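What follows is one chain in structure tokens, specifically the form predicted on its own.
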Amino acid sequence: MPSIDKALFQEFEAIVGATHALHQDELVASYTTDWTGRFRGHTPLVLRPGDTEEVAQIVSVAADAGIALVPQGGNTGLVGGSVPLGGEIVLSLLRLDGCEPVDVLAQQVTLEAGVTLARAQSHVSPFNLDVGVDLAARDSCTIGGMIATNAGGINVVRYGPMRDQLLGVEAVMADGSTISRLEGLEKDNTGYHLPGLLAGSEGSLAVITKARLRLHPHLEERCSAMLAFNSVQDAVSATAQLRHSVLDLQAVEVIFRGAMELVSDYISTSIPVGSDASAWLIVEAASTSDPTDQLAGAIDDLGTLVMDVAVGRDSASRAGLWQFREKITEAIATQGTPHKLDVTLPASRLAEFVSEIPQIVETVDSGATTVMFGHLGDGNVHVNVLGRGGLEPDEGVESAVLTYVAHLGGSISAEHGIGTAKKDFLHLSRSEAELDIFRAIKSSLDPEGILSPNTLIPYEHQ
């Protein structure tokens, strides 16, 4: 990549201002390492534009100079997609944090890319509305990053992933031009759906600067339950029944034994039910009226599938159950730096996968520990592998797990994206014909390959 000489630095600095063109080592350090600590890059410059026009000017200058950029939001990704691994300039979008007035009639809102999920939730809550996607990293993950990775989270079973919330985008293309379509029309059948294309593109096609999101009525009445099961298959079967019978189903989360024991120790709280169970579900129903009877009836219908149940009817008791799910990532981090593998399995193969993966990992690395949990309502399992002493496991672990996922007909990435971590394995989930189309799209929209060049697909511009 061409170096950034004094004249080019001054050109960038003139766009964003001296205080937002960071180049000192101590100031850029937090932008060059991902949240897990697994991916560490380097950059000569971090630029923090304040609006779409400044983003467009930066991209235009970079394109003319042949300088690569890595757009970055909250830097909470887990696959290295927002890290400047090749010395690229970091384009931080955190200053794009404006929230436009909520369109109550349409139940929509336009947000800038750097708005955190927590701020978006707070912005729309006075109107009894919610953002459809919710994540444990809500205080730091950003709307732009969530769209770029097509984030999922705990409510996918009801509302779908981020792509399903997206009604329009404003984005800067690789040549510095800007597209903007933020009207929020629910029906607009005028050709290719560009927001859908950019969702999940991981910053490789354009820099998202604003988004128009569909909102959902806030459902105040909630009931949560923790269900304990003798086997993973019982938990999978129960999930299928609950999805069919609970019309107001909001979330179905699963915690497998290793994760439950770890988080129980971490929060110094005993497991509420089924201390000797193999799997636990946290199920939540939400509605405008009390869904307790609805959820209770559905659980009763599960019969002997369930070992035991704990119910949370008020906010305190619900939080007491949910902490076992939301604190898992923190609990795992106390054991070292996990190798995180986020995958999706067909429902019919979930039990087989969960049963076999620890042995598959151990075969590759006898000192490794596997900790699993996930979103059972959509088949998403988070596989966390800790090597001996909390260090990285053997490098063959990732290949073994992802190859097995593909063998079972699953996807090697459910919601974290491909980033740089999985791009060499993308062929396991996508055919060569599909990858050729991906490359053609990338070549068309970013012919010089300046946007996120280390992300998603191996790519060399002509």
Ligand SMILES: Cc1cc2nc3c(=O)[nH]c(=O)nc-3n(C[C@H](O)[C@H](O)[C@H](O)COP(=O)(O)OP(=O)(O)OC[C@H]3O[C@@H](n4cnc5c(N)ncnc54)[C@H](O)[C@@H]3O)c2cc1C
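Residue numbers run from 1 along the displayed sequence. Here the structure is a predicted model, which means the values were calculated and not measured.
Just so you know, the form predicted in complex with the named molecule exists too; it's not on screen, but the next bit is about it.
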Item to check | in the predicted complex, segment of 81-89, 185-193, 222-230, 281-289 with a heavy atom within 4.5 Å of the named molecule | outcome: 81-89
Checklist entry - Can any non-hydrogen atom of residue 375 be found within 4.5 angstroms of the named molecule in the predicted complex? => result yes
Checklist entry - in the predicted complex, does residue 113 have a heavy atom within 4.5 Å of the named molecule? => result yes
Checklist entry - residue 102: heavy atom within 4.5 Å of the named molecule in the predicted complex? => result no
Checklist entry - Going by a heavy atom distance of 4.5 Å, is residue 48 a contact of the named molecule in the predicted complex? => result no
Checklist entry - Which listed residue (109, 207, 255, 252) meets the criterion of a heavy atom within 4.5 Å of the named molecule in the predicted complex? => result 207
Checklist entry - Among 174, 141, 368, 383, which has at least one heavy atom within 4.5 Å of the named molecule in the predicted complex? => result 141
Checklist entry - Which residues within 59-82 place at least one heavy atom within 4.5 Å of the named molecule in the predicted complex? => result 70, 71, 72, 73, 74, 75, 76, 77, 78, 81, 82
